[in-house]
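What follows is a single chain, given as structure tokens, in the form predicted alone.
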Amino acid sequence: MQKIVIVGGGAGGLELASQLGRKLGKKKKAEIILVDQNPSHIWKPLLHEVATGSLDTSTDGVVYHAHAARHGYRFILGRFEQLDAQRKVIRLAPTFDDRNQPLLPERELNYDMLVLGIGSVSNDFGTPGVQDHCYFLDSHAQAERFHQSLLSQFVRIDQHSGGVLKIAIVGAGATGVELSAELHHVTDLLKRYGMPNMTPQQLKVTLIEAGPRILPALPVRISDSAWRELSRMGVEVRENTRISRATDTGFVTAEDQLIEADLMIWAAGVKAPDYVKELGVFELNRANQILAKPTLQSSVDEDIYVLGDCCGFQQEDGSWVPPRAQSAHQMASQIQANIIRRLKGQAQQPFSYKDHGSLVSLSRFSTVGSLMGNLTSKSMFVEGHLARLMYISLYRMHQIAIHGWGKAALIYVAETINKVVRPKMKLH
């Protein structure tokens, strides 16, 4: 029986494990194993809501062990650190508990087919001070760390010093823009939860973009609409502003101007983790992504597939498939089909990325975006309630892919009830 190992339980990896588990694992046609260094999954596009406390992770989180038992695959907790492609073996680093005590030793895991969906990390471009002074939103743990610091600052402003909480965000892509809006939303909620002195007027958010406009990967009309909405909230948007270094008091621009901040977030671009290069196995592009063939097999080994943010897939027009959740979703579906075809002795099919548009949520204030960019010569601009509905539907599609229709419907009902009986933000 073939052993298929999937490294990385992000959007694409978890969807693939779920699909292969239901179609192959439950029927004993293959052994499906998912490996991740974390015990649970949160959809990465929602991490800005985890960071502000507006997302209930107890409902939206997926515990891998329990999910694996229901969907026909096996979960192994561990951090991928080495690959021996000749022996078809991956090595997992030792695992420690929260007291830094040994939990699991270094282990080796063999495979017949390997799928790498190890995601991406923020790219600080070597900017001095960023690693020491900035928060990142690459993982659930990092988002929770920022959330705790944010709550501490809220308490400081409300109970002691008064004044203004200054937050600076570098990178005006989707994460930076959505986080800016969400911060204003949760600050507005605080007066309902015992912090009457912490109001939106006590918050100053500065959104910093090196390029000429925010949301540079999206059409100008979306960028302009988001800029207007952020400005209406009171967010200071600084375009054409390059950061030279980060200090303990804020960001310093290329013009040597200090942008003061109590909390600093770096959200300026992503790359595949540096250890991908250290593996010394794959061909990589400038973003450390593993180069993939049309079938999404790696360019150097047909037994290794790549998906999601770590996959470097160049399209016919020379552009690279963008690191988005919809890309990972489409890649997971294609790899699933190709693996099943391969097991049947059939020819594998090439991957074709279909851009279904982009949506940016500005919390409860608005949602803007474009739809069906691949179906017409021009994108269809949407905003308001329709855009918000489409934005939410993207997450529902992810839930259906990993849980199936029935469980996804029950989760939706639970979320609806929770909105009534639970606080609208997490205060611990």
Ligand SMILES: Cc1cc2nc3c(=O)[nH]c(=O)nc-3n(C[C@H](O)[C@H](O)[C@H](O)COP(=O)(O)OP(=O)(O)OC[C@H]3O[C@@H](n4cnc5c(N)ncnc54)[C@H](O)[C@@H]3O)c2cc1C
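One rule holds for the numbers: they count along the sequence shown, beginning at 1. Quantities reported herein were computed from a predicted structural model and do not represent experimental measurements.
There is another form of this protein, the form predicted together with the named molecule, and it is not shown here; the text below is about that form.
- Partner proximity in the predicted complex, defined as non-hydrogen atoms within 4.5 angstroms of the named molecule, places exactly one of 399 to 407, 25 to 33, 42 to 50, 66 to 74 at the interface: 42 to 50.
- This chain is displayed alone, yet in the predicted complex one of H185, R324, H133, H147 has a heavy atom within 4.5 Å of the named molecule; that residue is R324.
- By the 4.5 Å heavy atom rule, the three marked residues A11, G119 and E178 all count as contacting the named molecule in the predicted complex.
- Taking non-hydrogen atoms only, R242 never approaches the named molecule to within 4.5 angstroms in the predicted complex.
- When contacts are judged by a 4.5 Å heavy atom cut-off, N38 counts as touching the named molecule in the predicted complex.
- In the predicted complex, the named molecule sits within 4.5 Å of a heavy atom of R79.
- Though the partner is left out of this view, L394 does reach within 4.5 Å of the named molecule in the predicted complex, counting heavy atoms only.
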